[in-house]
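The chain below stands alone, shown as structure tokens; this is the form predicted alone.
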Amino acid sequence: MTSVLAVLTFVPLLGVLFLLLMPKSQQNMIRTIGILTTIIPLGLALMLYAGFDSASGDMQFVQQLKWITIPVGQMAMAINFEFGIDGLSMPLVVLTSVVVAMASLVGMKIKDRLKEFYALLLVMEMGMLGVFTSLNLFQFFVFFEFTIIPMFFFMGIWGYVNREKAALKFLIYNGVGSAILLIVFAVIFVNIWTLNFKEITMAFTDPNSPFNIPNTMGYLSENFRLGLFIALLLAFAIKIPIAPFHTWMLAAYKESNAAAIMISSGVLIKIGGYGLIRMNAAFFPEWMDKLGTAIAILGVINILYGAVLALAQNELKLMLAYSSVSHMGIVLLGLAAMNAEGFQGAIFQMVSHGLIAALLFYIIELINERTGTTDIRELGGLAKSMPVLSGVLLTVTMAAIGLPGTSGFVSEFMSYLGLFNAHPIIAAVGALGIILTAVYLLRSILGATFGPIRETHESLIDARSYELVPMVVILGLVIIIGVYPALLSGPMQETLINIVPRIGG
């Protein structure tokens, strides 16, 4: 089992190789290879989940592959490929494999440059899986880059009218975030001489760590650690995104096709939240604790800002984009709580929002394909012509609002519970977002599905069989997690026990 993570991460490249060997004219075979290749990581991820030891808080399925050796004086520094997962990364690995497998079905509608579509999709999957299974900074950064460049082309090739502009904005914002990460990682490396997550954590939190170099920085100064903490926070703020770094998301979601939005909203923005826990909270627990109030305020700003602007939108995709800004603010609230409940809520929210947002955008894209618009004012009565699609849309909307029995309820409950224990006033203000979320989602979705139907929309085709697959799979997971949250909470308990005490929660 120790080699499963490396296989899981790199198997999409095998699919890319097969795709490159296929003639462009063999579109059915290209679709088959592309879809089947995404099923393999999904099967491996579920196998890892089944074999995961929930009683252990350590990294599991660890594997090291020698890669680069750098001579440094009398020593030799090794930079290896290091794979492993714990209770934090396990849920996100499964989330990634599910969302990508469902997004691959969008290729059933793609006719132009189909080979490139699936090749880029698989490269992105490799990058996302690599981010969540990496155990050192260098490897994390390499795979992080493999998520940005393919998405740039994904948006720019198969998007809508202003796709090039949206793709360029995505690249600039995320490129800046990458540059900040690279600088921080380089500074850490030259001062500690290690890239391994565990060893870096020891260096920053233990004065007696063998990775602390007294003759260079001494026990790394408080201001030095604060500077690195803020730099990492800024880099991941762009990825989440935290306002005012969210404008790339608005352009990207409005102009991208279904697959790109599913992957971006479902997985890519979760890398920001993952980075905050894996690096900010683990490397700098003292600053995570001291700046908890500031992070909570940022979360509330995200929630209310996103909710108010979502309420003002008549365009469904923009409404959902602002909704994503608002819902990712809940992740910040969970982190700001600095306790086990809050951290658990933050991880739940990343997984729950990943599933819900991916499905919402998928259905909105199906509506756009059939009606030629996502403007609420030009829709109405869709439940009469597309009852199945509209029914699923209403159900997943209830999950986004936080209806009990869905994953949305569990994630919001845990995040707010953690924050009420730590910052009750801020939590009370942030809870206003729950009310606003119900208002803007119900206004938008009910406006599109009920009311008088337009003559041009009377004979629309309801969900096709292959279109139902993502709906059934994702909605099923949303309900299963809501009814039995131990599916997620079980694997992450011991990992959080290792992280939270260092922060003070």
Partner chain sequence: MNGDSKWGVLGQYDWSIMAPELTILVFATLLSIIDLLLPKKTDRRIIGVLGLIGVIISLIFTLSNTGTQPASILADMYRLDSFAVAFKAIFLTGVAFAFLMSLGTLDKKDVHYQGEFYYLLLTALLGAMFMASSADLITLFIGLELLSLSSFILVGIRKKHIQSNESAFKYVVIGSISAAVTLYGMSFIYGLTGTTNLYLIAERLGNVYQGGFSYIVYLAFFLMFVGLSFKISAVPNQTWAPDVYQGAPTPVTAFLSVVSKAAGFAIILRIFIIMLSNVIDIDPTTGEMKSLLVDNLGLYIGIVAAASMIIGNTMALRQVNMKRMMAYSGIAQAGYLLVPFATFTVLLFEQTLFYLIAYLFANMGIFAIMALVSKDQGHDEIRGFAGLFQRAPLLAISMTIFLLSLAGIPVTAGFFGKFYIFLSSVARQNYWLAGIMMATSVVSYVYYFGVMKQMFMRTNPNGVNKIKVPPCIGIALVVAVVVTLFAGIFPSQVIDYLHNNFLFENMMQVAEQVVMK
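Positions refer to the first chain, counted from 1. Predicted, not measured: the structure shown is a model, and the values here were computed from it.
Quick note: we don't show the form predicted together with its partner chain, though the next part is all about it.
Asks: Its partner chain isn't shown here, but in the predicted complex which of Phe229, Phe197, Phe141, Tyr253 has a heavy atom within 4.5 Å of it?
Replies: The residue in contact is Phe141.
Asks: Just give me the single entry in Lys290, Lys109, Arg370, Arg113 that has a non-hydrogen atom within 4.5 angstroms of its partner chain in the predicted complex.
Replies: The residue from Lys290, Lys109, Arg370, Arg113 that makes the contact is Arg113.
Asks: In the predicted complex, do Leu21, Val62 and Tyr118 all reach within 4.5 Å of its partner chain through at least one heavy atom apiece?
Replies: Negative, none of the three is within 4.5 Å.
Asks: Any chance Pro285 has a heavy atom within 4.5 Å of its partner chain in the predicted complex?
Replies: No, Pro285 is distant from the partner.
Asks: In the predicted complex, is there a heavy atom of its partner chain that lies within 4.5 Å of any heavy atom of Ala55, even though the partner is absent here?
Replies: No, Ala55 sits far enough from its partner chain in the predicted complex that none of its heavy atoms falls within 4.5 Å.
Asks: Spell out, yes or no, whether the shortest heavy atom distance between Tyr466 and its partner chain in the predicted complex is within 4.5 Å.
Replies: Heavy-atom contact with its partner chain at 4.5 Å: absent for Tyr466.
Asks: Hey, in the predicted complex, is Ile70 touching its partner chain, heavy atoms inside 4.5 Å?
Replies: Judged by the heavy-atom cut-off of 4.5 Å, Ile70 is in contact with its partner chain in the predicted complex.
Asks: Choose one stretch from 183-191, 128-136, 257-265, 197-205: the one whose residues place a heavy atom within 4.5 angstroms of its partner chain in the predicted complex.
Replies: Careful reading of the contacts points to 183-191.
Asks: Who in 131-152 is close to its partner chain in the predicted complex, meaning a heavy atom within 4.5 Å?
Replies: Counting only heavy atoms within 4.5 Å of its partner chain in the predicted complex, the contacting residues of 131-152 are Phe138, Phe141, Val142, Glu145, Phe146, Ile149, Phe152.
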